[in-house]
Ligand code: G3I
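As structure tokens, one chain now follows by itself in the form predicted alone.
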Amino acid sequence: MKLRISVTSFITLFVSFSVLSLSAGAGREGLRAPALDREFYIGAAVDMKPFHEDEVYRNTLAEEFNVIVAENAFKFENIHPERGRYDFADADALVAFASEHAMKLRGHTLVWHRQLPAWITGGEFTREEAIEILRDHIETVAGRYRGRIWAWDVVNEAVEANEDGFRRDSFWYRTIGPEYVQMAFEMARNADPDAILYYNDFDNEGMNSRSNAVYRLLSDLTRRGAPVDGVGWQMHVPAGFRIKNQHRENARRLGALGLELSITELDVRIRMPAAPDAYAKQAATYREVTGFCLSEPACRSLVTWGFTDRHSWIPAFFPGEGDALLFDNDLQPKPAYEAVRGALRASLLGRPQIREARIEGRDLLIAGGGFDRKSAVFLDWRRQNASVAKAKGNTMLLIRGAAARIPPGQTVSLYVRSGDGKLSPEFRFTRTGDGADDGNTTK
């Protein structure tokens, strides 16, 4: 009898330990801590079925990530299934979860040509009626969550590489015309003035006809004064994908428009069955993409489309491919996870630091540490040419003529990226007057 009790106790302890080991981040530092230390947002998309049913799934989300996005809960057909009727159950649950765990929440998406309900696709509407449907939807959904959504994907996948740059099979384009994009951003801004408003698309990370179409659209919108704040790169890529100069060139031209950048739907798929080196190649891709985002001032966050291979869209949409995410089918971390965590930790080491910024005449002088002659300076995500000088043992970076770009009273964000790609923390500089030695610094 004593032996049976002892064995039973051992089994109970073993099972309890096994359950604990499967819980999120048991015994390890996760992704969330180094991301917060780095003032960075690392996140994942949420499948609502396991979210409701699987405690380990929820715990992993809460402990590993500081931003989440719904895969489908906010899409039109789910949240607005019938004319005049909304279903907020799943969206409300995710908003509450994010609030409880001090997470940012991205809203995906207000306007898309896909996943529309039958009452939209099967209806016959005038232009004026379609505009009113669009307005009602955006004002109702964005308005309900006003102040609780960090960033909205306002318009998703609106472009094609054709003559006018617009996807012509979209209900919104066919019924309203190309003006629907700007209308949507204006409606979203009115509904939630503090949310960051994004345009989101796929295959737009490099320099190609599609990214050119996105760039033209965003250039036109910003020129017209549309309230667009950022652009999302989905980045559904195969293992072996590498960051190239064209990706940095594209990020910088978008930053020059005053737009921030987020990687919004990253996954790195593997041809199945996996070759012996497949997971190492996948990890290398995750490491490169994470390092890229961490070293580009315009890049604010990186979100993977799901986080466990158990719940992934890849096998259904890319036959013969899979295992695209950071955790395996048992919610255990893969080499890709370690690669992302390593990139986050590495980005904290040896970072440049801005200690002071001030206006001198027509120029902006930046003082700090960790600068070198290959350092790049960014002002509100726009790369600036800077000369390098030494003063009292410190390296000083001088942006010629910057005073004209920073009028009195304006606050700007300053970053310095070292020659090896390390990015300084954000340094906020407020110009307080118009004197030759004017300047005020805040971190």
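Since the structure is predicted, the reported quantities are computational estimates derived from the model, not experimental observations. Residue indices: 1-based, along the sequence shown.
The same protein also exists as the form predicted in complex with the ligand; that form is not shown, yet it is the one meant from here on.
Shown without its partner, this chain lists S219, N72, N190, Q353 as candidates; in the predicted bound form, only N72 has a non-hydrogen atom within 4.5 angstroms of the ligand. Listed residues F292, F371, W150, W112 were compared with the ligand in the predicted bound form; W112 is the one with a heavy atom within 4.5 Å. Among residues of the shown chain, N156 is one whose heavy atoms approach the ligand to within 4.5 Å in the predicted bound form.
Although the partner is absent here, W305 is a contact residue: one of its heavy atoms lies within 4.5 angstroms of the ligand in the predicted bound form.
In the predicted bound form, H108 approaches the ligand with a heavy atom inside 4.5 Å. Taking the partner from elsewhere, N250 is found to have every heavy atom lying beyond 4.5 Å of the ligand in the predicted bound form. With the ligand omitted here, the record of contacts in the predicted bound form names 311 to 319 of 274 to 282, 205 to 213, 178 to 186, 311 to 319, defined by a heavy atom within 4.5 Å.
For the partner-free chain shown, just E265 of 262 to 298 comes within 4.5 angstroms of the ligand in the predicted bound form, judged by any non-hydrogen atom.
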